[in-house]
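For reference, the chain that follows is the form predicted on its own, supplied as structure tokens.
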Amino acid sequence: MIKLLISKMIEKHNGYEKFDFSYLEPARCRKSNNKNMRLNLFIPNVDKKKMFGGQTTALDFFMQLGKSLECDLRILSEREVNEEIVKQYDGYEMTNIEQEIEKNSICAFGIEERKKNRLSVREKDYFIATYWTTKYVLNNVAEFQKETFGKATDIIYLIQDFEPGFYRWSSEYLLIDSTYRTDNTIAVFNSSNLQNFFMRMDYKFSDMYCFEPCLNSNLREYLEKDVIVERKKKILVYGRPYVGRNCFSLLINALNQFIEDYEFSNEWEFVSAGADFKDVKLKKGKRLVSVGKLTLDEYAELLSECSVGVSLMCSPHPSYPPLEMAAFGMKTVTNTFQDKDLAAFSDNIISVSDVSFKGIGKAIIQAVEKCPEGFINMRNSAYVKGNAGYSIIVDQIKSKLMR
């Protein structure tokens, strides 16, 4: 999504970059007289087949909170909504943003919809923002509530990374920063690591809650089947060339360092999951083979057969892949970031503070040499059992909203 946004935003004009911020088109609103409480999720994409981990987390969080509140539910999507997509959601009906219905609804809420139609807004509409653009647009809705009903409801901001870091120091950096500095914002952080980072940055919110990541339920079911798969001499990397924070160029050079420095590197294969790209030539005739974005079943099988994982993240958020790799028993190499250190998460994780070609390459050698010690899957931890998830904060947020 970020790649698409950037390609749309940047236009060369007289030698400098001209930025188009039409994707931040503010919502036009209309008053609804419906007195029922409604929980709204504003998310970039509602097609479950195209969701990455963060979007799945946002949807699960919304569903759990909505079930606890026992209120009306509405999902707003920045991207296209059609009948086939809505079939993925039991009990939901496709509507436009002006309609008021008794059923739970899914609406397209992109640029054109915001230009043409007015969002129906209730006095007791609560909104969950899931990405900085969604929070920026929802600020306008909060202003409408205050003008119309005398008071705006708190916006729940699901923060899953430090998003200014997705861009260089720039206009976008400051725009994203502004979304962390508005009134009546309930911050919900995906991991204590991330919350601690924000606290050090001195951001202030009306309330703050935090949950720790937990293993995807489909992956957990596969793990609990005790499927016996022969481990192969394969190194699995989380490769996303178009996402800067996953440090793809550093990753490729670290693999080449491993190939040069490890005596038996010719025995190992290299495979990448996460995004589609052309296979990459490595040193000594080796190749990094991309399998793209897999189904969860395919991903679970790959996690079960690979021996070593490498997943880098230039961000205070721990990210999902290294945790998943470690849970499936892979010896996993990842990096530290400021005070983020995943070494305590599992004995399967090698956390590297010397994040250089040599440093990562050396850690991959350590992981390869630890493989003969055996593969121990994580089954009894809070992460695998799901006890670390957001369910523990749902009741707290419910109490806050029901006051």
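Please read all numbers here as calculations on a predicted model, not as lab measurements. For every residue, the number given is its place in the sequence shown, counted from 1.
Another form, the form predicted together with ligand TRH, is not on view; read the next lines as being about it.
The single contact residue among S105, T332, T185, S319, judged by any heavy atom lying within 4.5 Å of ligand TRH in the model of the complex, is S319. Put simply, of R79, K234, R287, K293 only one has a heavy atom within 4.5 Å of ligand TRH in the model of the complex, and it is K293. Of the heavy atoms in G274, some are within 4.5 Å of ligand TRH in the model of the complex. Residue contact with ligand TRH in the model of the complex: D161 places a heavy atom within 4.5 Å of it. Ligand TRH is not drawn, but in the model of the complex it has no heavy atom within 4.5 Å of F357. When ligand TRH is considered in the model of the complex, R240 lines it closely, a heavy atom lying within 4.5 Å. Listed stretches are 79-87, 262-270, 320-328, 134-142; the contact stretch with ligand TRH in the model of the complex is 320-328, by a heavy atom cutoff of 4.5 Å.
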